[in-house]
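Next up, structure tokens for two forms of one chain, structure 1 and then structure 2.
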Structure 1
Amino acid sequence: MKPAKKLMKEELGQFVDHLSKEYLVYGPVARRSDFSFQEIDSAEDLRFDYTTTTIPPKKFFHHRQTLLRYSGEDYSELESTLEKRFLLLGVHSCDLNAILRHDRLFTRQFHDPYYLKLRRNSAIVALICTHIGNSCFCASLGTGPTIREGFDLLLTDLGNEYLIEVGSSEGQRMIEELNLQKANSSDLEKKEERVKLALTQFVKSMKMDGLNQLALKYLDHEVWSLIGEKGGLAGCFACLSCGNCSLVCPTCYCFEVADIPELSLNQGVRIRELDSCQLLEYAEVALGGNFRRDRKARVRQWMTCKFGGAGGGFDSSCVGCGRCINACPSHIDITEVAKSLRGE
């Protein structure tokens, strides 16, 4: 590991300008009533005090993509139009863990060339999260707020300056030309204090151990009809099947593929975009058959997946970012579902 450095806060603009020479830089910015990863023109737009964004960084890797263009019997894969590499600046531990899970998921039996192409074209400057939201519970899952792997650089807000730790040779190159101060042991201690303080801010928690087994064992548990049909688990309304939970989930990866022909009909494009197991059509097969016609079955499927009990295993399981809780108009809370399954 290369020695850690320090970046004075007033030098952040310079740092971002420096990164922009080589990368398209995306980072958290404030909108009317939420935060979102957007292209950064100026460091002033950056909001390193963000709790969470509505949509996770998966929007850069796996949202909606054109896969190929076809013409008659022939097809050609579309070349990436990106001229520069892109950099995600200020990624929190929950989201970084989710990206690492997707890295495993998309390289298991089959290597997904579309995901990997974008992923290989990206760099990550992570940020230790010190603004814990009311829905966050990464600490209880071991997915935050500390970060140990997966970043090129890691920033920690120490008050007047950022501690910069290097995680890769690409990260080292990012700061090489900058004349940064070396960090000393008291800076590293300050970082530990920040993390400790963050740990005291968590309101929610979830005990993951064995939940995958429990969810599969109790398929008829009352909690499924509470969230799927009646409402009433910790004050929630019944599920809307709107799909928000899975679309904002950083580890949900299911997608659909469709051909969009031009009016000539013999040529067009093939696209893929995120799908959701919460939608009625997701499990529909020929002649209108459907494996999950009941709302209850769909919401149970999603929860089971987040507990690590579905096809993605732990590579599509929950990282505790709390987005599904924030995005659910019915106030369904995954941590309450877990408690209920455990009989707590």
Structure 2
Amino acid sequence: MKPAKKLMKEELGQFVDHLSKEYLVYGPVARRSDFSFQEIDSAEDLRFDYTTTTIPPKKFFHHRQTLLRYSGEDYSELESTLEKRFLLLGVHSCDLNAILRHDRLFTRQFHDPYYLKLRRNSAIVALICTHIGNSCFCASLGTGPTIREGFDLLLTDLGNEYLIEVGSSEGQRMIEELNLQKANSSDLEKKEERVKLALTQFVKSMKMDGLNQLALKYLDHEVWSLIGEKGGLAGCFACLSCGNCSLVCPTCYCFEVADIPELSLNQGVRIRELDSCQLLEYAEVALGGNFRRDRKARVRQWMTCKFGGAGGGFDSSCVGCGRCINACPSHIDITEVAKSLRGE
């Protein structure tokens, strides 16, 4: 790894301006009561003190895409409207781990050209998380608050300056023209102190060892009825099957493909967009059959996928960001579900 550098906080504006010459820069900004990744016009818009954004940065790679336009029997694939490469600035370790999972997923058996085109057109400047939210539990899964791979640059807030660590040749090129001071051993020690302090701030946790097997073994466990039909688990109500958890989850990848015709019915577009196993129509087949008609079965499917017992082929598809807890109108807490499966 290249020697680390230091960026003074008053130089952040120059840094963003420098990046904007080559990239469309997106970063966390305040939006009403929460945060969102938006295009950055000025460093003053950035909020590096955020915990999580409402929608994860996966929205730039896998959210809603127009695949082609058709007219009669002819069709044409649509090119990306982005003229420049884009850069995600200030991505936390949980979200970066989720992106890395998608990288493996969409190249494992078949290479997804739509996802990979956007990924090749992107760069990532990660940010070590030092502000832990009440719903965060990434430390339990080893997906935060720090990360060691997958980024081009990694920033750590040291107080008056940012420590910058290089993770790729592209990241090195980003800072070559900047006259940055070299970091020393005390700066790296400050980073470790910040990480250790962040680890003491977590109030939620989830034991992952063997959780995938437990979820598959106890398909008739009482917890599935409690959260799917009755409510009553740790103060939660019954699941509404609204799909919020899938929408905000950084690792959910299921999608549907649909043709959207114009009024003439002779032309239109084909799109793909995120789908959710929580929706009634997700598992519906011809003649009205449905493999998961009950909410109990749908919420069990989603939880089992997060625990690693279904879909994705990973030990766990959860990265501990806590968004599903925050977004659930029924107050269902995935960490409490895990405890119930373990009999805790």
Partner chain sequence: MKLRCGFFKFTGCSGCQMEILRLEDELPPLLEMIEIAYWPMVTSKRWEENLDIAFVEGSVSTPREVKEIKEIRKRSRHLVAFGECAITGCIPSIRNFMTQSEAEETVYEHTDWIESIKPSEISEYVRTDISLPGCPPHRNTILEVIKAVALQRKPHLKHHSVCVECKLKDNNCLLTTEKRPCMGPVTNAGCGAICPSLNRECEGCYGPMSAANASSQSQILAEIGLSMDDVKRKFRKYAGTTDEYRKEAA
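Bear in mind the structure is a predicted one, so any value in this text is a computation, not a measurement. Here, residue number means position along structure 1's sequence, counting from 1. The term rigid core refers to the maximal set of C-alpha atoms that superpose within 1.5 Å between the two forms.
As for origin, structure 2 is the form predicted alone and structure 1 is not. If you fit the rigid core between structure 1 and structure 2, you'll see the Cα of Gly72 move by 2 angstroms or more.
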